[in-house]
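In the block that follows, a single chain appears as structure tokens, in the form predicted on its own.
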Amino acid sequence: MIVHQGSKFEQQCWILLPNASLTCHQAKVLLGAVGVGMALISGGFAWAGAWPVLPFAGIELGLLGWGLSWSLRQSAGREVITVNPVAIRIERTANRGRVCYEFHRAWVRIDWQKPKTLGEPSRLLLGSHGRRVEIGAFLIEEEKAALLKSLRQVLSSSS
């Protein structure tokens, strides 16, 4: 998802957010509901004498919890692209911390790399002087194209 904050003091700002399907509360409710259902079903099998079902149900619930946790961590990241008359700044926040990249506006170049194989996503690269940074890796193709168009429009305008 792209949030464009527009012009403010000769500065443009885009906030890129991954598409998150669940909130933390919704993930907890889902895990609880699945856990209750699994407990009832596996408890019924254990009561009928098929007790080996219990460890497998526990493992399955643990893997579901791990998958939901991983998904929530991935959707917590964001990228903020700020373009001012002098520089372009990319701030990437993820579960590992915050990383900032800065490029001189006059020298920056935006590249759109088509996928090399079928099913692979395209890449949107921004950089200059041999340094390049991929932006919006989590965006869908239409959002990348819109971001590319918007960035090119802002960079081509004289400041």
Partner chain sequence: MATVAEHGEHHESSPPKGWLRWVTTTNHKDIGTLYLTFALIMFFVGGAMALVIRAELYKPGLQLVDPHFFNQMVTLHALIMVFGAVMPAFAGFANWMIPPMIGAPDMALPRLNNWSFWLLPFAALLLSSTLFMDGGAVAAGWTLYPPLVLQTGNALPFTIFSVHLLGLSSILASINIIVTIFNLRAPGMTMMKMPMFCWTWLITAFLLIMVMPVLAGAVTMLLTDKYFQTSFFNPAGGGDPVLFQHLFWFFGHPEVYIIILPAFGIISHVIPTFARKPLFGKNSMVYATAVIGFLSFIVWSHHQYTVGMPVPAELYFMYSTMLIAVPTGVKVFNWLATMWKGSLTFETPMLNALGFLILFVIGGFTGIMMSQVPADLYYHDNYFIVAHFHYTLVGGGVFAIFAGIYYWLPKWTGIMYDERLGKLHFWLSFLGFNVLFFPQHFLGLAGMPRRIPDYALQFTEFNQISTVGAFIFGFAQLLLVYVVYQAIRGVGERVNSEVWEGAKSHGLEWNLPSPMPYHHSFEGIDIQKAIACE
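None of the values given here were measured: they were computed from a predicted structure. Numbering follows the first chain given and starts at 1.
Below: the form predicted in complex with its partner chain, not depicted.
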query	finding
Partner proximity in the predicted bound form: residue 91 to its partner chain, non-hydrogen atom cutoff 4.5 Å	no
Non-hydrogen atom contact residue 50 with its partner chain in the predicted bound form at 4.5 angstroms	yes
Residue 141 within 4.5 Å of its partner chain in the predicted bound form, heavy atoms	yes
Residue 29: touches its partner chain in the predicted bound form, heavy atom cutoff 4.5 angstroms	no
Contacts with its partner chain in the predicted bound form, stretch 55 to 78 (heavy atom within 4.5 Å)	56, 57, 60, 63, 64, 66, 67, 68, 70, 71, 72, 74, 75
